[in-house]
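Okay, so here's just one chain, in structure tokens, the form predicted on its own.
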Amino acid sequence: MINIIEATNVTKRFPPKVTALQNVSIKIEPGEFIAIIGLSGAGKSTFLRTINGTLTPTEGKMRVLDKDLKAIPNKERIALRRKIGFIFQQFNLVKQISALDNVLTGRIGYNPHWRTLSGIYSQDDINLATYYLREVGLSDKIEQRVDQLSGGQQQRVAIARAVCQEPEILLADEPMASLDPKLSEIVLQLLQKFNRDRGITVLVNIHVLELARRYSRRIIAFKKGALVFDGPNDKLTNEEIENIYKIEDNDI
């Protein structure tokens, strides 16, 4: 089986002296649901952004869907990113337009540039966007402006937009950070549903360890940019948890 994501000795540095990822090597198979844990600033978000090509590794190699992100031409990179959905902590929606219009932006990569500029979408795209809004439980909010929706509803619009891309990989960067516990559960249940029903590979940064253990079969952990744990959730010991979340004196 071809790994859907394969990082080999990936290091990412930011000037002047910040090392966000340190020599990270990992293989991820199609259809996995993986929780990523660690303190703020541990490298979790940087790792996701090297997967979708937003960031290029300073050293090492990142292969996604059997493509070397450093080696492929820009046209191929754009086509590849259509297959990678991204869900943001702060939703990244256009608040002044409807839920449907926001979800339709997930189809931009499949349409000619002139259609995108004109905001013209095919009936098939409209039907698909409507379908995914229903899938996330927002059938009664399709025409409503996003700025009139609650935070939990906005995050569900963002999930619908990401899956409307029909991705093979779904990356979620702390999607529950601004939500209460009940809404966090709803978001994770939706991600789990699309992973199970559509075989989408899901990687989600989770700041609540209990949720990471409950929803994922595999957990990976970062500390100071290094990958310090990778295994089944039931193999994560208390000693390892303490190491992952321990704040050193020089971190303060």
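Just count from 1 along the sequence shown to find any residue number. Since the structure is predicted, the reported quantities are computational estimates derived from the model, not experimental observations.
One more form of this protein, predicted together with a small molecule, exists but is not displayed; see below.
- Residue heavy atoms within 4.5 Å of the small molecule in the model of the complex occur in exactly one stretch of 32-40, 209-217, 57-65, 191-199, and that stretch is 32-40.
- Using a 4.5 angstroms threshold between heavy atoms, residue 244 stays clear of the small molecule in the model of the complex.
- Contact check for residue 20: a heavy atom falls within 4.5 Å of the small molecule in the model of the complex.
- Shown alone here, residue 52 lies farther than 4.5 Å from the small molecule in the model of the complex, counting heavy atoms only.
- Taking non-hydrogen atoms only, residue 184 never approaches the small molecule to within 4.5 angstroms in the model of the complex.
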